[in-house]
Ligand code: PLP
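Only one chain is shown below, in C-alpha cells, and it's the form predicted on its own.
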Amino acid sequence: MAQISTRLTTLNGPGSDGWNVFYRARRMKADGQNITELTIGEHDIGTHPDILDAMHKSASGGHTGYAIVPGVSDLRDTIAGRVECQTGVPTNRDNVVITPGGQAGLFAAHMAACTPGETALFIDPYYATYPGTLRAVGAVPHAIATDAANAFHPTPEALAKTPDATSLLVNSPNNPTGTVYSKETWEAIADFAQERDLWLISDEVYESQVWAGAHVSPRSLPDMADRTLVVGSMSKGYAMTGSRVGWIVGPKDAIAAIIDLATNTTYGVPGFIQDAATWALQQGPALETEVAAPFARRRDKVLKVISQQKRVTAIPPQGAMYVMLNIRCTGLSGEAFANALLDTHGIAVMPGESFGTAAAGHVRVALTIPDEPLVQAIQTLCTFAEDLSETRA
C-alpha cells in the first residue's frame, strides 16, 4: 500500500495538542446538549451587511472568474497605503501579496524564509497552528518560552539562548495571552533579528484590537523593513473569518517569490471577496472599531468577575479577543480542567497546553458570546475552580 508522506504524518508532533476538547464540545452540541462555547476566535456578530452587500455586487457584476494571482490591484494598493500610513515605511503594491487568509500567509512567509532543515523560532505561548506550519515548510520548530510573571514578553536572555535559526515568528497583540509588546520588547526583538541575520515574521491579525499600550509593526523599526514579513488578515478586524482573505507585506523580492508560490498552490483569492475587502478597508477605522468594541467591553466584565474571587487569576489582556486564566489552584492541568468543566457544566474553553508549555495550567477563554451568558460562564468557571481547590486542600 502506498504510504502517506512523513511531512504530513509528523505535522502535528507527538501527544495531544488540546484540540480534543474543542472537537468533543462540538460533538456534544451536535448531539443536542446545551454547550457554552468559549473556544475559538469566531465573532458572534457576523460579517457586516454592508461588506456582504459589496461582495454581492462584485459577484453579480461578474468578478467570479480567476482573479490575478498576486491580488486585485485596488486591494494591494489599499493595503500598501494603510501599511505606509501605519509604519512610515514607503510601501506600494509590489510589497503586497494577497493570500487565502492569515494562515496561508504564515505558511507562505515561512516558505520564503526557511530552507528545509533550518530552524524556525517562535514565542511560547503561541497560536496552536504555529509548530505545524513550520513543520509543513520543512523547518525545525523551536519555541522560546516566556513567563506569566513577565506578562509573557520574550526577554533578551531567552532570545540569546536559542540555537542558530533562519526566522523568528512573533505575534502582537498575542493569541492566546492578549499581550501587546512594549517598545523595549520590540527593540530587543529587532536587535536580536539583526544580530542573528534572521527573517522576522510578524503575525498582526489582531492589530485593530488593542486595549492598552499601542500596536507596533516591526516593519517600522530602524533597519527592519528589509527583513520583516508582515502577515495581516480581514478575519479578526472585520469579522470576515470565513471569507479567507489575508496578505503579506514585505520586501519586493520576497513578495515576488511568494507570488510564484501562489501560482503553484492557491492560484489566488476570489475577486468578489477581494473587492469586498477593498471596500471595507476604504471605510477607514469605523468598521474595525465597531467589530472590536464588544471584546473590549467583555474583557472588562470578565476581569471584574475575576477580581471578585481569589482562586482564578488573570493577567489583564492588552489586546485580542481572549483572556488567559490561571487555574493552577485546582492542581489540574489546563486540559484536565477544561475536560472537567465541559463534562460538569457544559462550558467549553481551550486548554493552555494547546498553546505551548508556558501556558500549562491555564485555560483560554474566547470573548465571543453575548455579555450576560459570558459573565455567567466565567462565574461558574471560578466557582468550579474554587470547589476543586477546596477538595484538593
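Each residue number is its position in the shown sequence, starting from 1. Because the structure is predicted, anything quoted here is derived from the model rather than measured.
Heads up, the form predicted together with ligand PLP isn't pictured, but that's what we're talking about next.
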### Query
Does Asn95 make contact with ligand PLP in the predicted bound form, using a 4.5 Å heavy atom cut-off?
no
### Query
Would Ser233 sit within 4.5 Å of ligand PLP in the predicted bound form, counting heavy atoms only?
yes
### Message
I'd like to check something about Asn175: if you look in the predicted bound form, is any of its heavy atoms closer than or equal to 4.5 Å to a heavy atom of ligand PLP?
### Response
yes
### Task
Would you please decide whether Thr266 lies within 4.5 angstroms of ligand PLP in the predicted bound form, comparing each non-hydrogen atom pair?
no
### Task
From the candidate stretches 187-195, 101-109, 67-75, 293-301, select the single one in contact with ligand PLP in the predicted bound form, where contact means a heavy atom within 4.5 Å.
101-109
### Query
So which of Asn171, Gln209, Thr91, Gln274 gets a non-hydrogen atom within 4.5 Å of ligand PLP in the predicted bound form?
Asn171
### Task
Check each of Ile123, Val180, Val205, Leu200 and return the one that places a heavy atom within 4.5 angstroms of ligand PLP in the predicted bound form.
Val205
### Query
If we check ligand PLP in the predicted bound form, which of the residues in 121-158 reach within 4.5 angstroms of it by a non-hydrogen atom?
Tyr127, Tyr130
